[in-house]
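So this first bit is one chain, no partners, the form predicted alone, shown in structure tokens.
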């Protein structure tokens, strides 16, 4: 049997990785369940419908979409659904800067939230029809006789099997299969007259393939099981997964026909997840840092300046910098980003409800000795600032 402090530490670790950190009530509620039942509750919560859009919400108001999503991350009763939506937003990276329609981006994230824990083949099939993705990777210009290879290339390289597991011919042939797949007035539209119905050969299979056939082929490859499992392990558990960790998760992926929920459950219950090496082993993204700080400080509403600050830290929601998404890891902690995190911590400290409670939640009830020494001689607001700006709090 684990001690109370160890149990609290493990549950806090679980809630940071599957969401954005716990409030006091959430920590107490999940700790009462024990670790395995807490995992069950988090995973089962993936089936819950998302909360409604805020009253009076207009996705076209400047900054409204990002603010609404951050507030949903902060308040959601299904934190894992929001965390997976954020993961897929970086994986299937699409930016409003080219899409130029916030409503399409909002609908895409809703897709990630509703389908992000189902089967990976079904998710990829939906993403392939997503109007924001079609606009982002020029699907409307993919026509018989002049195929546009953008989506077919990224589907293989970034979304499913990874570089080195396909040829240029595979890309060209897959692009032919997606000809005629477009979007009009914000909805998917298949244009038969633009589709190439001829035979194609992709990854060793030949047929009169369309886009759905390509999705089936690439997502059924063992390389896909390993590629997605590695990314999920690195996102949820530890940044440099061992080959054995990836193989075990990939086996679950294959056996479950690509069930993301099953793979996530496996990762959370694997011994590596609860190991000392995994604890505080990931660098928080700006979204994780901002939302986590709002939660431990007990802030009752998400201030607009918090979302603006997140952008200055290097993560503007709905606008990943490239088709590869955000680099993550150490890239989050540039000198400018660290300075912005400190400014954010200082501004939030003025609104924190309870100093001791905030610090206790920030460090799972066990403030590191180095931090405790610094805090001992500081005033109340400075204590919160120093805690949230500490190196330890930057880690997930």
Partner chain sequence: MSNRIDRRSVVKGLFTLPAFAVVGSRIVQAGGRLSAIDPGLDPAARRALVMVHLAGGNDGLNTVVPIGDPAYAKLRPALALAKSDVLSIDRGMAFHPALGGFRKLYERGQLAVVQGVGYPNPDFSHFRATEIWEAGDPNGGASGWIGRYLDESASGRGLRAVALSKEQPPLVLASSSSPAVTVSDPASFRPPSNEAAIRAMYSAYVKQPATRHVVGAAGIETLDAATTISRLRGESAVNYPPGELSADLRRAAELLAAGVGVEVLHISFGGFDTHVNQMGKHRQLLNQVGSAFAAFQQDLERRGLARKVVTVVYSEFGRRPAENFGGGTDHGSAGPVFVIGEGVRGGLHGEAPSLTSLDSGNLRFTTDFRSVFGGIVRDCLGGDPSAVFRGITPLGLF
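Numbering follows the first chain given and starts at 1. Note that the coordinates shown come from a computational prediction; the quantities given were computed from them, not determined experimentally.
A second form of this protein, the form predicted in complex with the partner chain, is not displayed here; the remarks below concern that form.
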- Does each of 157, 333 and 386 have at least one heavy atom within 4.5 Å of the partner chain in the predicted bound form? yes
- Sort through 119, 75, 141, 165 and report the residue having a heavy atom within 4.5 Å of the partner chain in the predicted bound form. 141
- Students should find that, of 36, 327, 356, 28, the residue having a non-hydrogen atom no more than 4.5 angstroms from the partner chain in the predicted bound form is 327
- Among 145-153, 173-181, 256-264, 102-110, which stretch has residues whose heavy atoms lie within 4.5 Å of the partner chain in the predicted bound form? 145-153
- Message: Residue-level question: is residue 311 within 4.5 Å of the partner chain in the predicted bound form, judged on heavy atoms?
- Response: yes
- Using the partner position in the predicted bound form, report whether residue 368 sits within 4.5 Å of the partner chain, counting heavy atoms only. yes
- Message: Taking the partner chain as it sits in the predicted bound form, is residue 272 near enough to touch it, meaning that at least one heavy atom pair lies within 4.5 angstroms?
- Response: no
- Query: Would residue 394 count as touching the partner chain in the predicted bound form under a 4.5 Å heavy atom rule?
  - Reply: yes
